[in-house]
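The data below hold one chain only, encoded as structure tokens and taken in the form predicted on its own.
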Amino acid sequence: MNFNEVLDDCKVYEAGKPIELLVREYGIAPKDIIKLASNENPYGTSPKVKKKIKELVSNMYIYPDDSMYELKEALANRFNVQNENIIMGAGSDQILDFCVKAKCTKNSKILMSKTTFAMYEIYGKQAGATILKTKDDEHNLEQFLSMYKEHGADIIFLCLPNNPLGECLNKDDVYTFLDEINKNTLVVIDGAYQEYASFKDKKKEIIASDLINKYNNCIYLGTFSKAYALGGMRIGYGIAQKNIIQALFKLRPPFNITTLSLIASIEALKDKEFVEECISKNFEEMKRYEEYAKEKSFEYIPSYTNFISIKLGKLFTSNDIANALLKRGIIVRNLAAYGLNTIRITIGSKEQNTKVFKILDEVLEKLK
């Protein structure tokens, strides 16, 4: 059977290894497994969210409100925009897909950093677009601008902060860059980890209303999967000028957000105290990883997210470390697929991290 030829050059997204895999393959009890590969919130979902879901779970036989009015109103108030400036997706990656489909054909070009969220390239290749990447792994706006002036682009992806590396550009530098971009180029600002970046350093904060009012060719993406601890609910949002949102709506399938996801997201937005507490703990624990890396003479990328990327140098390989940890019940992300001898570790709870350091010590000693 023949399929669309653009699929020949498409890779499948490699998700973080699930807990169930370790249970099946290594016989490790679920309680003894620590998953630090997918940047989930280690403190779990807000108790207020759990309570609300339990109250309304009996309504699962009814289709969700496809207008998503209540959630959009909550987001509009949160970001100081209008309901018409918002589109919801089954994860913010669904909105990435909408953006590519709305702008790209086989003659299109998409510009991104060398090492960034894999779905940018995957969606681009599904559309048959040409993928342009900067030379540096981390975001380098001089390289972005040089390539843009030479090749042009229908879409530019900026991941701020960047996944999987963790670095983040300053807002002022981003705005200076955007001043140089043609208004027919769609610039996607992926803010999946913006709650963390803005907490750590206000110079990194991208304010959605300010962005879209100043640059009408930009869309800001956010998610409930990280700081709001709703990864299993699969819900994200896009904020842009009305004409962009209207175009993306033509690609949105009906009822793409579940009833439970809507309920959970509305309640999660209300519980600001829980989110701020989780983010604060995240950066307290991140300091322990930074000190650990220094102690072991490993370099690390200063992170504005809920994970840290540690470069392993010449003594160890990320394949060996990641596999050895896996067999001990610790799931981290191996960045070898990006050509990097680096492991990315989600910042866990204090107890989880203490166990990680102990087992990592043992693994490093064994692999010397």
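Numbering starts at 1 and follows the sequence shown. The structure presented is a predicted model; accordingly, all values stated were derived computationally and were not measured.
Same protein, other form: the form predicted in complex with a further copy of the same chain, not shown, and the subject of what follows.
Student: Please name which of the stretches 172-180, 280-288, 199-207, 219-227 has residues with heavy atoms lying within 4.5 Å of a further copy of the same chain in the predicted complex.
Tutor: The contacting stretch is 219-227.
Student: Is H139 near a further copy of the same chain? Define near as a heavy atom within 4.5 Å, in the predicted complex.
Tutor: Judged by the heavy-atom cut-off of 4.5 Å, H139 is well away from a further copy of the same chain in the predicted complex.
Student: According to a 4.5 angstroms non-hydrogen atom cut-off, is T105 in contact with a further copy of the same chain in the predicted complex?
Tutor: Although a further copy of the same chain is absent here, T105 would touch it in the predicted complex, with heavy atoms inside 4.5 Å.
Student: Flag E267 as yes or no: does it have a non-hydrogen atom within 4.5 angstroms of any non-hydrogen atom of a further copy of the same chain in the predicted complex?
Tutor: Looking in the predicted complex, residue contacts with a further copy of the same chain do not include E267, since no heavy atom lies within 4.5 Å.
Student: How about I53 - does it come within 4.5 Å of a further copy of the same chain in the predicted complex, if we only consider non-hydrogen atoms?
Tutor: Judged by the heavy-atom cut-off of 4.5 Å, I53 is in contact with a further copy of the same chain in the predicted complex.
Student: Sort through K109, K72, K296, R234 and report the residue having a heavy atom within 4.5 Å of a further copy of the same chain in the predicted complex.
Tutor: Contact residue from the list: R234.
Student: Answer yes or no: in the predicted complex, does a further copy of the same chain come within 4.5 Å of a heavy atom in every one of C10, L186 and L260?
Tutor: Result yes, every residue of the spot touches a further copy of the same chain.
Student: Would you give me the residues of 226-255 that have any heavy atom within 4.5 Å of a further copy of the same chain in the predicted complex, in order from first to last?
Tutor: Contacts from 226-255: K226, A229, L230, G231, G232, M233, R234, N243, I244, A247, F249, K250, L251, P253, P254, F255.
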